[in-house]
Every structure is written in C-alpha cells, then in structure tokens.
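One chain comes next, on its own, written out as structure tokens in the form predicted on its own.
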C-alpha cells in the first residue's frame, strides 16, 4: 500500500492505466494500492478521464456493479491523427528512399518504436468498437506494427510464416498468388497459434494489390476464423480499383507515384479519415 499525496497519486494512477489498456481494473485495486477511500478514487478517475478526453489520449469507461471498475481505451483525436499521418507522409516522401526498380525503403521507419506505437494507436482507434481476439501479420516487416497494435488493444499477436518452422509443430499451409506479380507463394500458420472461430485483425506494412492479405484471409478460413478488420500502414495508389483484391481496409498513407529518374515520391493520407 502506497500513501501518496493526491497530486502524486494522480500521476501514478495515470501511469497505471496507460500501461494496462483495455483491462478492467476494479476500484478496490486502487483503493487498496493507495490506502484511499473509493469515493476519493472515483474523484481522481473523473479528473483523469477529463484530461484524457481533452488531450485526445483516449477514454475511461466506467462499469458499475460488484464486477465493475474502470477501463482505459486508447484513442487518438482527429487533430493528432492528422498531424501524425502528415508527418508519416513527409517521411515517406524523402527522395533518398527510392530504391532500384522504383521500390520504397521503409525498414528504418518500421524500426522506430515511437512511430510504430502511434500507428498502432491509430489502428486501435479505428477498430476500437470491434470484437477482436488477436492481431495477425505475416513475417517479417509487419511485425513491429502488429505488436504495437496488439499492445494498444491488449491482444496477442499471431505470426504467419513464409515457410513452415519445425519448432512450431503441425501447421496449416496454403499457396496464394501475389496480387501484383501474379507469382505463387506459400504461407503457414501453426495449429496451436490460433483458436478456431477467432476474430482476427490483420495488419501489414504495405499493400499493393492485396495478394498477401488475401492469402491471410484464405488461411483464416482454414481455422474457421473471422476477419474483424484489415489495417495497412501504406497502400499503393498505382493499382487500379478493379485489380485490388481487397475492398474493406484502413490505410494510413497512400503511395501515389515513385519517379526514380526525377527523384520524386508522391505520398498522401490514406483512407483513414474518409472511412470515419
């Protein structure tokens, strides 16, 4: 039990809540932790709730009754989201990202914890109202984004392999066709990694025509699982609508064009706001 001044208690409670998103915390937990009356804890939570909402940090949901408590739901306000996405577009448009063949270098951005955490919070905001059991991605570049999203939603991450690993036991493997190159690939998922009839949020770092994500959708069907949503950091805007294998998804940025000769990259916000 900690005996703290109210100002210190408010700071400590805030940190406690931020570290436990989507977890129901009984008021007795705080009362016992700080040696304070539930009425005082309720007043503290009201202050924290107001600050969270004013600053666009998220929401505090209160559930009444014996089994009730308080739950922190991470959410990003519109202004903060727009600022982040504009910054993301600026970083993606840096000319030195152009690789031979017109490809875009993104690995450095995917390795920035702060950036991935913010992107994860955006996806947590976009899919906050959905019933989700886990977050799924395919190795390897989508892993940081998947874990950031999973952390914000307090959900486990399921990793789809390009090749079956003997250390994962029996697995389900399928062949899928790349939407952009029409080439045949294989992906695999351990039978122990996903429960049947799970509701799954798929996230990935980049989507061109959507072949890889469609492959994950087909793989989920083998587990009788349901796709609860799809989120991509960057989508290609060079693919015609009729060529895209996926229709229902949320993207943060759209790569419109890469001019390797002129050293120019055109990037604009994705469909995140248009889907609100």
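None of these values were measured; they are calculated from a predicted model. Positions refer to the first chain, counted from 1.
Just so it is clear, the following notes concern the form predicted in complex with a further copy of the same chain, a form of the same protein that is not shown.
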item	value
Heavy atom within 4.5 Å of a further copy of the same chain in the model of the complex - the one residue of 200, 92, 116, 126 that qualifies	116
Contacting member of 73, 174, 177, 104, with respect to a further copy of the same chain in the model of the complex [4.5 Å, heavy atom]	104
Three-residue site 40, 77 and 130 fully in contact with a further copy of the same chain in the model of the complex at 4.5 Å by heavy atom	no
Option from 216-224, 44-52, 247-255, 231-239 whose residues, in the model of the complex, bring a heavy atom within 4.5 Å of a further copy of the same chain	44-52
Proximity of residue 82 to a further copy of the same chain in the model of the complex, heavy atoms at 4.5 Å	no
Residue 266, heavy atom within 4.5 angstroms of a further copy of the same chain in the model of the complex	no
Contact test in the model of the complex: residue 192 vs a further copy of the same chain, heavy atoms, 4.5 Å	yes
Heavy atom of residue 184 within 4.5 Å of a further copy of the same chain in the model of the complex	no
Any residue of 159-177 that, in the model of the complex, places a heavy atom within 4.5 Å of a further copy of the same chain	159, 161, 166, 167, 168, 169
